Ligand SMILES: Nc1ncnc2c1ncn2[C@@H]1O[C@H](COP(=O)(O)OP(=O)(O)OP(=O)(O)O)[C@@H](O)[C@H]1O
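One chain is shown next in structure tokens, namely the form predicted alone.
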């Protein structure tokens, strides 16, 4: 798995797609997944994408996780589980609560996490490489930290579940003939559901920090704010023990760019490029020049993939 992240507008989607194309040229079966709510992957590939994988080229699939679809699927699953624990008369109340939860803060992020965690923990057999075109950095870091938080939360629920079962058994022991077989089965089913989700999140976390399975590529441009944010992101990723595959410094002005304005911009970039070399010396770095035209599927993306392959960084 490769995760392409960085500040918004630095070219994550373009780099992710070029990496995917390069991998397919090397004979690997690749699926690129956009998790950014403001999708641009389909526009770049000039293909209408949704939450189902779509073939773009031989060995190259792409998909965009639809936040609305993800939330709906997530809430439908929750509602289905809740119906196992209440009387039919309360089904309408469950639907009302789920409708409200759809717009609750964090609902979209929770649904996104659920889908990505499943992909990470159980990657599809028909794919050799998953490339995630992630949301801007802040969302990505929360995505990386949530599996541990969710595992701890689930542990707490399971602890409460075990305590409740112990209390229930104690009371039923005082009242012979008061067995609650249906209740026991519901509680056991809930425990299995929670434990299954816990294992999914923990496995996703294990794969995220395993350098033999995953790597994080940070994309930035030689400007002050992206460099500063990249430094913070690297600190956070190192704290989470996420393997860093390297940095892609995008939109570097080529030497042949002419004019007084471009000469001034190049001088500014050179200052930031020197800062990048100093700050990020411990990680592989790869430079991509600013392209003359917009990059899109076809020659533009193929040219960028060739640059990735030939770049000495």
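Nothing here was measured: the structure is a model prediction, and the numbers come from that model. Numbering follows the first chain given and starts at 1.
FYI, the form predicted together with the ligand isn't displayed, but the following is about it.
Contact with the ligand in the predicted complex, judged as any non-hydrogen atom within 4.5 angstroms, is confined among 255-263, 64-72, 51-59, 284-292 to 284-292. Using a 4.5 Å cutoff between non-hydrogen atoms, residue 18 does not count as a contact of the ligand in the predicted complex. Using a 4.5 angstroms threshold between heavy atoms, residue 24 stays clear of the ligand in the predicted complex. The ligand in the predicted complex is approached by residue 9, whose closest heavy atom lies within 4.5 angstroms of it. Heavy atoms of residue 269 never reach within 4.5 Å of the ligand in the predicted complex, leaving it off the interface. Contact here is defined as any heavy atom lying within 4.5 Å of the ligand in the predicted complex, and by that definition each of 13, 36 and 251 is a contact residue.
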